[in-house]
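Take a look at this single chain, the form predicted on its own, given in structure tokens.
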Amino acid sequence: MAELLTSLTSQTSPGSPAQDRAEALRVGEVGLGRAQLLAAAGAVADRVHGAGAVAVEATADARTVTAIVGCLLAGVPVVPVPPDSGETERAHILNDSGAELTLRAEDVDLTAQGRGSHPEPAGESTALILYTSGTTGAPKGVPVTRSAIAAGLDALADAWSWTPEDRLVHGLPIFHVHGLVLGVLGPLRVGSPLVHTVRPRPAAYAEAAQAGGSLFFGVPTVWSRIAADPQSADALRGARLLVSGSAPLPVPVFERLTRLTGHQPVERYGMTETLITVSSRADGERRPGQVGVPVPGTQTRLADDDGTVLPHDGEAVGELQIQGPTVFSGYLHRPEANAKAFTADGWFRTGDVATIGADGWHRIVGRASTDLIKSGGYRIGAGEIEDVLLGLAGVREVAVIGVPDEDLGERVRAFVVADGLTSEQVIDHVAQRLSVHKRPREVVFVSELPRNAMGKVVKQRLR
């Protein structure tokens, strides 16, 4: 297969002095040219070569990126460790992954020079061992192969018209698919410079846009904050593409962002286990509340609780199942989880509930465990109710779940962050716009919703 970090390693000899000095990446105040990054990463590769796996404390730092690149150059699987992980979580990740060494930013010398190159490993070898969020138990290790990453990034480069002429900007954590695979390895494969703002602040995105940023990544929380900051949003008018992922982008945020920036954001869908499998396209339509069509090479289908494959008619709601070159082969040390994760005919069961239209467009309803509410014989998607409530003046955030009910099986409960509203106003707003059975039976006003590092609401905590 082609080398994973194509743009960084494609030349066996140095490029022109200007090419080598031009920034390949900038993290905060530290910028690295292609030659310096390759040399310093080469020194890391020399150090870790032969290790079974290496953990990297994934702080937003140019030295952290260099450590990750060095391990990949050496063909050693990288285990990104969230810098804010607690003692128990960290110990689990290190023990479960078999990491033989932990690298921190201070362990990397950006002036070092590697002794030479290392052979490109086979495509089926593991590049990363990523860990799931652990919402249903201890985090599970997901081995991600070099070929899966290459296939996924090439598909997205096609979908988003992503070229070396772009300048990618984001401030996302670099221990997940979004911030690491797309946000770090993506530009190193495509050849576009990376600007990491350390934190995804609206002002930082605006400053990067004024400095020539063209492609911007963010999670819905980031885009919501930018949409609430008209000055920063206006600075993004000169961008080429805004991409949202890691959680559904609320329709009101999509619409406000479009008005303020002049750009309809591209939405996409993926998981740690599958990378990005569905997306709208830079050269195509974008639909609020929907995440697009399968990227090249990927197939999707819907299945009912008993495994019956459902029609793609935009109405049937079922579990989204996926096949394709980016899908992993199984969790580390979890044979029971693997048996549940795949169907008998080899499709990965995402655990997400969706609808698929006749034209292939996907709408993600949410997680089967938390976002599919079965009430009085109806199957209700929490996301539909959340979108409607976010259109109610005064509502800033909302999360809808189902809670046990002796009569209905489950009843709809809405957690709302809002000012000056009553429960009756919230309930009536939904009942007037959706089927009456979808109205919340209970409304709980809260000051904030629990979120993880990627901005996703952790609904298990609401229970």
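The first residue of the sequence shown is number 1, and the count goes up from there. Superpose the two forms; the largest set of C-alphas matching within 1.5 Å is the rigid core. Owing to the predicted nature of the structure, the values given are computational and were not obtained by experimental measurement.
Heads up, the form predicted together with a small molecule isn't pictured, but that's what we're talking about next.
The three residues Q36, I68 and L185 each lack any heavy atom within 4.5 Å of the small molecule in the model of the complex. Proximity to the small molecule in the model of the complex, taken as heavy atoms within 4.5 Å, picks out 272 to 280 from the listed stretches 119 to 127, 228 to 236, 100 to 108, 272 to 280. R268 belongs to the set of residues with a heavy atom inside 4.5 Å of the small molecule in the model of the complex.
Although the partner is absent here, T132 sits close enough that one of its heavy atoms falls within 4.5 Å of the small molecule in the model of the complex. In the model of the complex, no heavy atom of H263 sits within 4.5 Å of the small molecule. Taking the partner from elsewhere, L392 is found to have every heavy atom lying beyond 4.5 Å of the small molecule in the model of the complex. Think of it this way: in the model of the complex, the small molecule has a heavy atom of just one of P248, G318, G213, P80 within 4.5 Å, and the residue is P248.
For the options I322, L242, A74, I364, the one in contact with the small molecule in the model of the complex, meaning a heavy atom within 4.5 Å, is I364. Core-superposed comparison between this form and the one not shown: CA of E410 displaced by 2 Å or more. After superposing the rigid core, the C-alpha of R47 moves by less than 2 Å between this form and the one not shown. In the model of the complex, the CA atoms of E410 and I364 draw together by 3 angstroms or more relative to this form. With a change of no less than 3 Å, the CA-CA distance between H437 and R301 is larger in the model of the complex than in the form shown.
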